[in-house]
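A single chain comes next, written as structure tokens; it is the form predicted on its own.
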Amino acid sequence: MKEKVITILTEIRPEFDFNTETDGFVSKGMLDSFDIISIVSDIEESFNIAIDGAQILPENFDSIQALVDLINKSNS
């Protein structure tokens, strides 16, 4: 799952190395609101889940682990 998340992030923002940068994506300005919309769409499609709109918060997109946790919450 982590590898797929990194692939999605890399496809959206190829200028960053998400293998070494693992957190602070929103707080460091690596991802913006348009990126988050794309990430939500790609994650929903890739993992066959629906992410609740209430979960679309910056902190849920600020690290690899936060994204994995979001996927796990949306999958249950």
Partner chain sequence: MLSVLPKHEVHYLDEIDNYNFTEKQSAKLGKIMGYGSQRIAEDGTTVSDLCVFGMNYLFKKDLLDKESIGAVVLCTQSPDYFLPATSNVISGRLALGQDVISMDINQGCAGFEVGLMQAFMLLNTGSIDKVVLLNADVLSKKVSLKDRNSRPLVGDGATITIIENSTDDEEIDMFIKMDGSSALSLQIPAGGFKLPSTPQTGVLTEDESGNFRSLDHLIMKGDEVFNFVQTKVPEMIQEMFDTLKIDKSYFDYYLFHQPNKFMLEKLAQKMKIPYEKMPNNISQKYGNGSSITVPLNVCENIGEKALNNSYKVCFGGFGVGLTWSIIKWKLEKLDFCEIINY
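Positions refer to the first chain, counted from 1. Just so we're clear, the structure is a prediction, and the values are computed from it rather than from any experiment.
FYI, the form predicted in complex with the partner chain isn't displayed, but the following is about it.
**Student:** With the partner left out of view, is V68 within 4.5 angstroms of the partner chain in the predicted bound form by any non-hydrogen atom?
**Tutor:** No.
**Student:** Does any part of N48 reach within 4.5 Å of the partner chain in the predicted bound form? Heavy atoms only, please.
**Tutor:** Answer no; every heavy atom of N48 is more than 4.5 Å from the partner chain in the predicted bound form.
**Student:** Heavy atom to heavy atom, is S41 within 4.5 Å of the partner chain in the predicted bound form?
**Tutor:** S41: contacts the partner chain in the predicted bound form.
**Student:** Is G24 close enough to the partner chain in the predicted bound form to count, meaning some heavy atom within 4.5 Å?
**Tutor:** So G24 does not count as contacting the partner chain.
**Student:** Scan 4-30 and note down the residues that get a heavy atom within 4.5 Å of the partner chain in the predicted bound form; none is a fine answer too.
**Tutor:** Contacting residues: E11, I12, R13.
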